[in-house]
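The structure tokens that follow cover one protein chain in two forms, given apart as structure 1 and structure 2.
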Structure 1
Amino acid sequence: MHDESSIERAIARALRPGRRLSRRRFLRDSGRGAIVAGSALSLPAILAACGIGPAGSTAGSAAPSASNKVVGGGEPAGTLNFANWPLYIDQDDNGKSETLRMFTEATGIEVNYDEKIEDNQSFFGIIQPALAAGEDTGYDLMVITDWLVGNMLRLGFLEEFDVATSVPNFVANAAPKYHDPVYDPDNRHSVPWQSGLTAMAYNPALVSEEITSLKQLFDPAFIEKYSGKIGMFTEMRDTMNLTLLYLGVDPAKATVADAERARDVLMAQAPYVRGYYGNDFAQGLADGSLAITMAWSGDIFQLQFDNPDLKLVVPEEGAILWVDNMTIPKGAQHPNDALAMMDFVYQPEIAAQITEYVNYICPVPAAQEVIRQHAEEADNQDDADYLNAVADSELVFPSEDMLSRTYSYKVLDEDEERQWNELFGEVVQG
């Protein structure tokens, strides 16, 4: 298993020069069903044909072996069914996405863009039955958070692709932090769409000290003063992983015993906590109901338009970097079109266009310069100020130092997930 993936990597590396040209030729050839054995690039296809597909060889994979092959390397079909979260792509005043329009213009692929994902878990609940039955979910590309990528990978629900050949712009343009993530080694099934931090935030009008450390969120002696004004998250992963950082544990290496300690810490903190919030924490912070709270960076960036004093803190102990990823569900009808989209949005110009609108952490550092340039070209001062605010914000383009202090969620196997959920259930529901 290990050997196969290193062979793959070696081949991919060897073939990198001239990649684009030959890839295009390959696409054309295979589209006509021509014999492509002579082309080294068709190796994945041959491996798959011989039943030695490199597929879900990551730890604990329960992928159904029949469909264990790499997608991509074919001609796009001309249609892309794209499931995303609402308001998660650029939109002009007429609700049209310039990115999608340019994509269709450049590739000829029509996009059925569906703002269907309201929540990871419930979206998974919606597509899970089809996946379990080995059927097409109706989507070719979907944006899901890293831990769900890990889960679906374990269940064999994601198509594998060769990121080096199919998404070359990712390889070239993504920040180093996004390569080879713990939840999907070598990006075999996912590339980031947007990301953000799970950290903490506070309202200086209600808090007399400067907040710098997770101790100020968890230590009962400190938070007693702010009892009933402390907010935590209802998402198990966010809260448990951040608590682990407080305990000095790297989440990736956390054991169940560590999770139990985290539960104990959270139980001790619970009497002072106002509530366990989802997205609605933002309203609480905005209206003064919350003084110190766990927070998502993108929301704080937005809230600062309402109240510039609000502060996001990447605690001394670290923060969680969550990543929403583009993935291809198993059995997708148009995988080549999905890969074309993945590659397309990793052009700095396109990444900048999306980031200017959604303001999450952009996985393409080069987009920062593009946005600055857009600010210079802007027709009015308002737009220029806004674009500069986006380009200059550490919440959109975090410094290397900031990123270096971030950790990923622990990828939980099924038993761990059940145990962690039960532990956390005691915290939020008594």
Structure 2
Amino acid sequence: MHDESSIERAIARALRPGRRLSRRRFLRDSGRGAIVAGSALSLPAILAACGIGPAGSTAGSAAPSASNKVVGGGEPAGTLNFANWPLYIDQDDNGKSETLRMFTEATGIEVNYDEKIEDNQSFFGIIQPALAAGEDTGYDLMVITDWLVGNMLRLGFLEEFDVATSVPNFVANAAPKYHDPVYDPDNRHSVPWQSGLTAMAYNPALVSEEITSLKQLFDPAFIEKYSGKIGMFTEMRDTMNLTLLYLGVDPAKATVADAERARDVLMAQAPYVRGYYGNDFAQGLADGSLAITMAWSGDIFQLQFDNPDLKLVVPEEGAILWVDNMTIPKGAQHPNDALAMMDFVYQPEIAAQITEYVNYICPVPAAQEVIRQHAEEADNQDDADYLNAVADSELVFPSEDMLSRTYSYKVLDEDEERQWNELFGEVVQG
């Protein structure tokens, strides 16, 4: 029988039921990335079904144009309707969040918290009809991924705010990487909730050299010896964007011709690939069926508690930094309450509290020292070990050097998304 180390016991005792489950299981095959061609309704299909054509087209009902009106500056109404993903805020055994309780105590704002978002595309399908009609979606604050932020901005579906005056704690405490993102210049419509990396991981016991480059994942000259032990992702955006980095292309600036080159690289790699995975890649890495794989940082952080030898690598060519953002949908009834929540969670103590539960990349660097202080004050050694592991992990608090080698997803318009899906479909459907 396997003897648990002290850190493993700490995890078993410190984590609430479900806490150790990666939120990636809610994203599998339909989350951040676009759906594999033909497998489900993609964003262009949702738009077409609702009568909205590509940007600039006159097909069907036109999306409302973005207003120059900036929300904020008024008094909160006392109510916040907040849509988020499952397991994406601190919760006790009864599903109650200390962060939400403290927010209400500090502001008087009552929060209706709804774990409504199972994946970006289906949630967009739920709220799109109201947005297209200029009606309230029922939500004041929602957490959506960067590429969807870009798409919704193009459609005029997000409220604009002045981040300097409305979310000063973001300006003061957010890591520089999160300021002025390519998908939302000047943070005029969004601030990060949590983020993570799409990169590479490997099992040192199954490879003959240190893994540092995307060549060791994509180039047949390097990977033949690992044939049948290489893992890739089913999510188009992750896979295509990482392949573009291998080609030396900044994904945010990629053309359809670049995407075609990425398709060709993936087709050449395919004979050596064991499979295309959702978050079940983690099981393959843990059980030794995968030697090298695409990986999400949050899953590797959790795997390392059981197998600390597993490595996540930000390759020499770079990795993808995905960001889940707090946004205010157009026509929200309580925008000032939403802005109050945005500002509240950028206090280091609150950011630390969320990160201790969620274990994704925290956008507030100062939360790291808060978590270390919590470790010193812990009631027992197991809890202290767990909190120190969170604070010390580069997968939760990346170094500036690591973040400097990360890139954003390409924000695709409808035509590009259809084309990229078709190209990726050629790979995964053989």
Partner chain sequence: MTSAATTAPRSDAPPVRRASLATTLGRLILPVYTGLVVLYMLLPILVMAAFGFNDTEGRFNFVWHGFTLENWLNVFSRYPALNEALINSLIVATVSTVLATTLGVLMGLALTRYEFRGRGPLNLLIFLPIATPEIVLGASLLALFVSAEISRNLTTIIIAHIMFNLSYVVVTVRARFAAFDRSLEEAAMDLGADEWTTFRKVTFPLIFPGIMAAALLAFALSIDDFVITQFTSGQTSTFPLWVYGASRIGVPPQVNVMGTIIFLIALVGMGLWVLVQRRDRLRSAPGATDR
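Computed from a prediction, not measured in an experiment: that's the story for all the values here. Sequence positions of structure 1, starting at 1, serve as the residue numbers. In this text, rigid core is short for the largest set of C-alphas that superpose within 1.5 Å between two forms.
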- Query: Quick one, which of these two is the form predicted together with its partner chain?
  - Reply: 1
- Message: Treating the chain as two rigid parts between structures 1 and 2, do R101 and D299 fall in the same one?
- Response: no
- Item | Smaller rigid part, angle turned between structures 1 and 2 (C-alpha superposition) in ° | 10
- Once the two forms are fitted on their rigid core, how many angstrom does the CA of Y277 move between structures 1 and 2? 2.6
